[in-house]
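One chain comes next, on its own, written as structure tokens: the form predicted on its own.
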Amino acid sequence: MTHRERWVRVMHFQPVDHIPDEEFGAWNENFPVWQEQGLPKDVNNNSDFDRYFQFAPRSGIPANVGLSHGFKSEVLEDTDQYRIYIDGNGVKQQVFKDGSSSIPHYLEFPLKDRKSWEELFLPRLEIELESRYPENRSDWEQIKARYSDPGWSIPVGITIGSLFGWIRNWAGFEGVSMLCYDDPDLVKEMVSHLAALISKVIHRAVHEIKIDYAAGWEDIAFNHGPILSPKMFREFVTPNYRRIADTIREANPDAVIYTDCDGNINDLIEPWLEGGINGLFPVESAAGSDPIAIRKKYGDRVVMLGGVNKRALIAGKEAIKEELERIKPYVDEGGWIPHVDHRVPPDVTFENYVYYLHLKREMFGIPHPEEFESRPEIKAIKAKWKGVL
């Protein structure tokens, strides 16, 4: 069974030889910490991370549904303690150099009102731009041929961007909250424009290439729930997701459509389903999105990617084993590719992560990659586990 066949069958609750071997990666802060614990020095980012642990790949169609060109990045102030700069989204922020916080201190956001939307963002969100696809027509034809080849063995997906999360990024949490109160018509107009852009851009791709999934980003929840109430989400966002989902499923009726949202997503699941989104990622159990409770409530209406509580990996081997045993009966039902419920934080030791990965592969019948298993540092770690597994 190829990885593509396996991925599609799992996402449709069909029998497979084993679940796909996927993970979400690690925070950048992990790599220097783990290198002191045995990780090779040449593993410095998440692309290296995936290759090192030999996780199964995905393939994506290059269609740009976001800003056609970013804002000018510029450093405004640089001291021994911090740097203040403007990023590609036009956001002014302060980053401290002592590593005390991985989250910047945001100082100013570019999206403030209708004037800034029309002057700064609409020109960057033009819908009819040839540059949203590969410039060379021959490049696109090669992409189509590659992904349409019956022998292509990697799941094929396309990004569907964001409808409200991007607006929150451009306006800030406080700014978008005030806009929803002061000018709800503008918020609806912005969401509608993004939906029109995304639907238009992806239409060509999803009609010319069979896709297995579409992936979005809607990171708008904290550990007590989303920044929009379900009622407001249904009013502002749900119909626009339905527009995107209809574009995809008129050509790919079986495609999984999932979105990335951390935090407590429980109040968003029904509005997402109404908008055609049937997949959840990364199902942050540590923030109150318990994947087992979700499975019991929604059954096969929802598929999941993630859901393994990162805190178990921090706690140690017994906790890791208990967490995997807890979810196994539900993973075995199908419709769930388990992996850590966010990027792995640096307070998870390299040994604990290797233990987690070994146990997950054992428990779910995933073949252990020979190249990974033969590495000296992995052999050395596993030599310490006699009598533990």
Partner chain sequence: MADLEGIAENVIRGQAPKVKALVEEAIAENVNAGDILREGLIKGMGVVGEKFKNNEFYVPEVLIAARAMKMGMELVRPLLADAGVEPVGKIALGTVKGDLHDIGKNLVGMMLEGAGFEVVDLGIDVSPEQFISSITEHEVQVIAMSALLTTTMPSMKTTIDAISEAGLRDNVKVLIGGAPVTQKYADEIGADGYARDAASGADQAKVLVGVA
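These numbers come from a predicted model, not from an experiment. Numbering follows the first chain given and starts at 1.
The discussion below concerns the form predicted in complex with its partner chain, not included here.
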- Note on the structure: Contact with its partner chain in the predicted complex, heavy atom within 4.5 Å, among 303, 205, 228, 261 goes to 228
- Query: Of the residues 178, 122, 293, 129, which one places a heavy atom within 4.5 Å of its partner chain in the predicted complex?
  - Reply: 178
- Task: Would you mind picking out the stretch of 191-199, 154-162, 239-247, 167-175 that comes within 4.5 angstroms of its partner chain in the predicted complex, counting non-hydrogen atoms?
- Result: 167-175
- Item | All of 103, 267 and 346 with a heavy atom within 4.5 Å of its partner chain in the predicted complex | yes
- Contact flag, residue 350 vs its partner chain in the predicted complex, heavy atom cut 4.5 Å: no
- Query: Is residue 114 a contact residue for its partner chain in the predicted complex, using a 4.5 Å heavy atom cut-off?
  - Reply: no
- residue 224, heavy atom within 4.5 angstroms of its partner chain in the predicted complex: yes
- Message: Taking its partner chain as it sits in the predicted complex, is residue 318 near enough to touch it, meaning that at least one heavy atom pair lies within 4.5 angstroms?
- Response: no
